[in-house]
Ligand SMILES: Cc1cc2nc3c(=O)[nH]c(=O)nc-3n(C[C@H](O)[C@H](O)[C@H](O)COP(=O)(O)OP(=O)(O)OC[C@H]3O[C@@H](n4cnc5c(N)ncnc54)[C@H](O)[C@@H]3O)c2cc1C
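Below you'll find only one chain, the form predicted alone, shown as structure tokens.
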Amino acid sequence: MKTKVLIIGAGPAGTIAGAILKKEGIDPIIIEKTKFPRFVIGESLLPKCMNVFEEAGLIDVIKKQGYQKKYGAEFKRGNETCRFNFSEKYTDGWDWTWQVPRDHFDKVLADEVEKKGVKIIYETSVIDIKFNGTNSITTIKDKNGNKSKIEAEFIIDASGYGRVIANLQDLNLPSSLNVRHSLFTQIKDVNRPAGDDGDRITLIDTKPGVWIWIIPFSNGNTSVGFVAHQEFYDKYKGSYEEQLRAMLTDEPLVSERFKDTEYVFKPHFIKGYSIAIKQLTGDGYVLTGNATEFLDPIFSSGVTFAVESGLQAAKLAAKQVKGEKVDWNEYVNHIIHGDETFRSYVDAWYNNTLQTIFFAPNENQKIKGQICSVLGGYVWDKTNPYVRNHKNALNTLANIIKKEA
């Protein structure tokens, strides 16, 4: 087989890239190692995603699915609550998005991209790639063990946690973030509160370095998970389900809601999820989504980076295979800026800087709107001081709040 652009992975980064390339008159091939639908974590989107879905021509099919709309997020600590509404954000753009079961959502995107004429080959793994300049020969293996080769002028790696090129080219690096793990499942949310309180994504700061996510879906299920350091998990014994039930029982803000509820699937445990990368591009390839770097689930940035990187990578790849001059530093600088912005907020969450801001007795609505834009995924809006000066701005604000307390 031959193709101008080979895409590895049919998740959001890969399908967005495929849709954009098709719009550019290029017929890519997508290789996907699993069969859809398949489970994957990362169910809460950010409004910035909506701009990308729109540009890729996928917004209408997503709207038809009836997913739970997400208008903001709520942070809780004990009896304190901080609520962000995306309609109050600083940056122009979408002020709502969705909370989605990813197995269903990813299949919707993939099916729609196939309808647009993009070829997706499922249950097929990439086992080797040989580069000759920007051209490459990729060896693939199907579910029956049959091997074949694909010649491509360029490769977009959207393989997510599979990190195909990173593994083949020895590009992985340990993350600079502290090692944390996640234990999670979906539950039949029969005790969900009525109205907005039951529909809104909630993040609970339970104790230093430990927090819970609650992401309701329109199908009546709710994603529930803990993020914590190993010492926290060591306190609980038994199976993952027994541990998770005990953890939820110990948290007063959720114990009644999730008491004796049915689990949709056995809880999953992801150990040391954060990972970094040596480089984002090379001769003949670009890395996108979680194939680049994954920070932390606290602000639901995963799908935003996936679709944004898929969009930008596909645009530049289209130019390159058409013979136009491309500066891949544009892509690298764009992704790194977004990554570093969110990194500052992740660090600020775990060192309690953000909690100082979120649960301050007096709110500054202008500043809250600027921070809300970041939480909405608008991390490339450099007119926003909490993007432009992300690290110093947060520390300065927290210090002012402490002095006024």
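Start at 1 and count along the sequence shown; that's the residue number. All of these numbers come straight from a predicted model, not from anything done at the bench.
The protein also exists as the form predicted in complex with this ligand; that form is not presented, and the subsequent description refers to it.
Only one segment in the set 189-197, 142-150, 122-130, 325-333 has any non-hydrogen atom within 4.5 angstroms of this ligand in the predicted bound form, and it is 122-130.
Checked against this ligand in the predicted bound form, the candidates I137, L173, A246, I270 yield a single residue with a heavy atom inside 4.5 Å, and that residue is I270. The single contact residue among F154, F86, F258, F294, judged by any heavy atom lying within 4.5 Å of this ligand in the predicted bound form, is F294. Taking non-hydrogen atoms only, Q355 never approaches this ligand to within 4.5 angstroms in the predicted bound form. In the predicted bound form, this ligand sits within 4.5 Å of a heavy atom belonging to S301. K69 falls outside the set of residues with a heavy atom inside 4.5 Å of this ligand in the predicted bound form.
The shortest heavy atom separation between K368 and this ligand in the predicted bound form exceeds 4.5 Å.
Applying a 4.5 Å heavy atom cutoff to this ligand in the predicted bound form picks out I31, E32, K33, T34, F36, R38, V40, I41, G42, E43, S44 from 28-52, in order along the sequence.
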